[in-house]
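Okay, so we've got a single protein chain in two different forms coming up as structure tokens, structure 1 first and structure 2 after it.
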Structure 1
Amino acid sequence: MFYRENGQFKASYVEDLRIFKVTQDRVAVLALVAIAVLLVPMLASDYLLRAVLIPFLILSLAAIGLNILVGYCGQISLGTGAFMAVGAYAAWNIGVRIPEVPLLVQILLGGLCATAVGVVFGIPSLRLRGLYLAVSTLAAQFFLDWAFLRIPALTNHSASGSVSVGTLSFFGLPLESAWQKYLFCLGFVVVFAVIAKNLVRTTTGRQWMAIRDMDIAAGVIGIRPAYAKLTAFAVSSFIVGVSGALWGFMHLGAWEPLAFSLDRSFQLLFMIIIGGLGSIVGSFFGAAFIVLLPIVLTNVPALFGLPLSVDTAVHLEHIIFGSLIVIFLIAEPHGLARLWSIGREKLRLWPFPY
């Protein structure tokens, strides 16, 4: 009833190429961004911002990055955590060694370093496929974990191997309170989501998808696999590296290689599988699912006043979490994004499905 596109005609190519073709979608998305920018920082509590929304935003960004590689180009990677680490450590090193560099530039340069490393570790993808590629990206994870643990220069000879960032500012504005950090992260996420969404609709994006669907056929119609795969690795690692820098600078403030361990890689992979492979909005759903569910599960028993000990709550959380993943994958292998689009189709016909 309210979600009808009747009468919305596309009279020009520009209109036909819009990301959100339906007026209601456009309004909804703009409203969502407006709420996120204006209302949330005013209303949300410190806890909600720091412990829920900031990690959610940063991990959504990482999931978008990984989704480009896995969901759009079909190259499975288990090295995401390591590429995040490269972004974080590179940005930190630049900041420590050249304090004049502004934070924004630090983070983007961190992303560029991750790009370089990502491309290098993407080279095996030219010869390897599927599970074998996953194993070779696993090497990236182990090698980089090792490097950040054992090469003192990378942590500026910190005695414990743990690094921490100083006071942050964004062109003179302080980044201290929760809402300032939140807005900073939100800015990154909005900009990169728009870039990513547009990128997957370009020639390059279509080449990625062709490679994903069948690389031999793609080669036959004139797509260079080397170019397509390496650009996917480059773009993906850049976004993942930026998110890693944000994770270190905005969320943790001080970190050790453990913060970007193999667990993080798996966590991100689960996010995009649950959220929806090959879908930008799915990255957000997946991140929300993985970030929010544990917090909800730990807080729900307390809300009802159930005397649940913390360890039981954690064990329960693992059980519920695990079974939800299995159920989801059986019921909807295309992830939450697919559920979302089914919901939208249904909404179009509501209340008179025919």
Structure 2
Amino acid sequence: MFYRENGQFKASYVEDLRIFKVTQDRVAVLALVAIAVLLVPMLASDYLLRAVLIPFLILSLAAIGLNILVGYCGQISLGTGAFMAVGAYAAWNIGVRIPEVPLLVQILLGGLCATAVGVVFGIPSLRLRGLYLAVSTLAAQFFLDWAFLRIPALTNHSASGSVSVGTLSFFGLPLESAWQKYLFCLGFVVVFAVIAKNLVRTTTGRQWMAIRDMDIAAGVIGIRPAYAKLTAFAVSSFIVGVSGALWGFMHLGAWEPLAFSLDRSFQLLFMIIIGGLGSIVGSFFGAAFIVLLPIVLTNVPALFGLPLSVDTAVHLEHIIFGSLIVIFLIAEPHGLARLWSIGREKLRLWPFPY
């Protein structure tokens, strides 16, 4: 009964265009952000921050970027891990060669480098679609993996392609402890999630969705497919590149090209399929599922006296991922986000039938 819209009138276009039109939704989101900013750093352990929350935030950001391309524009990509690698290595190179550049600027410039690479590999999308486009983005994954291993200048002449970051600071404030890195990543995720949510509601976002639904019809009504597809690749690659820089700087600290392999690309694709294609909140659901499932498979059976070996847990993880992808594609293509939406609608009408 508490989730009602009675008496909540919209007296202007600004109120009607709000992201959260129901007051309860706005209060819940603000409370969630306040808890994440104020309580989580004080109450969460270092293990929870480093092993769960920081990876969850960064993968959520990467999933948002991929969802813009796949979920909103309908352009399949299997090279997301490579674009994350471009953002990470570009930000690292800028920091090594120009140490005076602030960390925030390094990460954003890494995202811009990923944007340039993403647009280059997005050009085939002007002539290809479906499986053929997926194969062309897969070529980006293989090429960039080779580049970071074989071109010494990209890794400052590291033989194995492995690099490491030094002491991190944000405008003079150190970023050493887990809670400091967590808050840094949280700031990026909140800002980019709000930007992405507003962007998909603009003219550009509507053009992406028109291309996704039927590109020929979109061209007939005056939408430029080349502009729509390349802007989707650009925005998606920028967000993914920023997430790659955060993954390297805040989570790994030292990495090699294998950290952004094809497995990472498939993992992100699984996130948006399970969480929900064409949904910003679905990106968070998918990332939470991917991050928490291995922990659940490792710890929950042990509580019942049935500990699983690492190999068994990994095999079960793959089985569950594959099964859920098939189930969601058949039964609920919009993923966990759609189930969440259905639950909200039921709560709004409860206890009355519909």
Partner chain sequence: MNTKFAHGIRGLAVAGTMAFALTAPSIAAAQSEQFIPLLVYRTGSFAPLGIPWANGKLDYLKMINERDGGINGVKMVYEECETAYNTDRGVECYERLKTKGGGGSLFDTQSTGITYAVMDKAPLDKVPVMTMGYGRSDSADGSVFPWSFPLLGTYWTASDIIVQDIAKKMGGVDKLKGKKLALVYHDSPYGKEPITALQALARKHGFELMLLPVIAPGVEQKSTWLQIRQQRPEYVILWAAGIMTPTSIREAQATGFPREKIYGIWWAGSESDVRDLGATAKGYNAIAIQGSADYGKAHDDILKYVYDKNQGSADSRAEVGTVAHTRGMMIQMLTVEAIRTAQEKYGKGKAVTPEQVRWGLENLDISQARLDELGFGNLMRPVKTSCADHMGSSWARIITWNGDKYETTSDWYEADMSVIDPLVKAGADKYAKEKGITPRDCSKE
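Note that the rigid core is defined as the largest set of C-alphas that superpose within 1.5 Å between two forms. All residue numbers here follow the sequence of structure 1, with the first residue given the number 1. None of the values given here were measured: they were computed from a predicted structure.
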_Number assigned to the form predicted together with its partner chain in this pair_ = 1
*Under a superposition restricted to the rigid core, does Ile290 display a Cα displacement of 2 angstroms or more between structures 1 and 2?*
no
*asked:* With a threshold of 2 Å on the C-alpha, tell me if Ala331 counts as moved between structures 1 and 2 once the core is superposed.
replied: yes
